[in-house]
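Just the one chain here, the form predicted alone, laid out as structure tokens.
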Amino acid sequence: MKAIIPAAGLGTRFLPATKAVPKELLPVLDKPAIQYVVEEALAAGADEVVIVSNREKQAIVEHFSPNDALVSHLQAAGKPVYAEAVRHAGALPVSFVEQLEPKGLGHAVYCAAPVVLGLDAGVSSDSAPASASASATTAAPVVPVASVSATAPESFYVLLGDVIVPGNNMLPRMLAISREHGNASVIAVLRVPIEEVSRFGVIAGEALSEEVWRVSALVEKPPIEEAPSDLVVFGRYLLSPRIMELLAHTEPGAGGEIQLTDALVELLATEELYALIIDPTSGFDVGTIENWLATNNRLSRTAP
């Protein structure tokens, strides 16, 4: 199973710090936020993590690349813990694709289609999959719909890079729900105050239990008075491979961008979609300065 982490955003909320340092590399305690996300995906059974980035974020590639010289230096300096931390980050099974233009979350996910779907044929050479090496980067693909349709691999994870789940317990629960319902797609959702729903994708549906809903509709950033519920998409997805076929022709939606939510709406016409209602303390949004600071403060109180 593959996992996709979209990480091509500009990080404008953190400027000027993110002028030189990608937002995803800002530390949460002792490691970059994106490393938590990579390790979460691997802990949930992903065998490769595909980071969708842009050419300005070479530092992320460097973080996940081996650095034998630094490891040797730290070992010689009597700092084995730091040496192991550097070695570990460079050994994680991460590859990269490049999103050439900021066209939205749906487009970013679609950029990883060749790697996730294993399309070794029928795709032009400029969109060939990246290798498992962290140093490999490929341009955003143009994947023929026929190739996507003809290749039906397993589902894949999508993890937003500005959300961390230190306990690594969310994706396994989503996978269990998927298997309970014929390998259906599953998204994580969170209850928020109704005045905040216009900031998120919001679901409609029916409750099957205290923590699981069958989704009947989604709407991206609705006005408060039009929101179908107070359950908003949290940033964790387990998706059917058919979503790549749908993204191949999804038109720009809210904000003029290609929205993953719109492809999920279309998916509902042929497949079921379920939602896991998460505990608000199980994950942390680190996408704003305030939330990033709050997350560091909170985790520092529970760190060993």
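Here the structure is a predicted model, which is why all the values come from computation and not from measurement. Sequential numbering from 1, following the sequence displayed.
There is another form of the same protein, the form predicted in complex with a small molecule; it is not shown, and what comes next is about it.
The three marked residues, P6, E24 and K103, each reach the small molecule in the predicted bound form, with a heavy atom inside 4.5 Å. Shown without its partner, this chain lists A108, I187, V97, L171 as candidates; in the predicted bound form, only A108 has a non-hydrogen atom within 4.5 angstroms of the small molecule. Contact with the small molecule in the predicted bound form, judged as any non-hydrogen atom within 4.5 angstroms, is confined among 174-182, 71-79, 157-165, 197-205 to 157-165. In the predicted bound form, the small molecule lies within 4.5 Å of some heavy atom of K57. For the chain shown alone, L10 is a contact residue for the small molecule in the predicted bound form, at least one non-hydrogen atom being within 4.5 angstroms.
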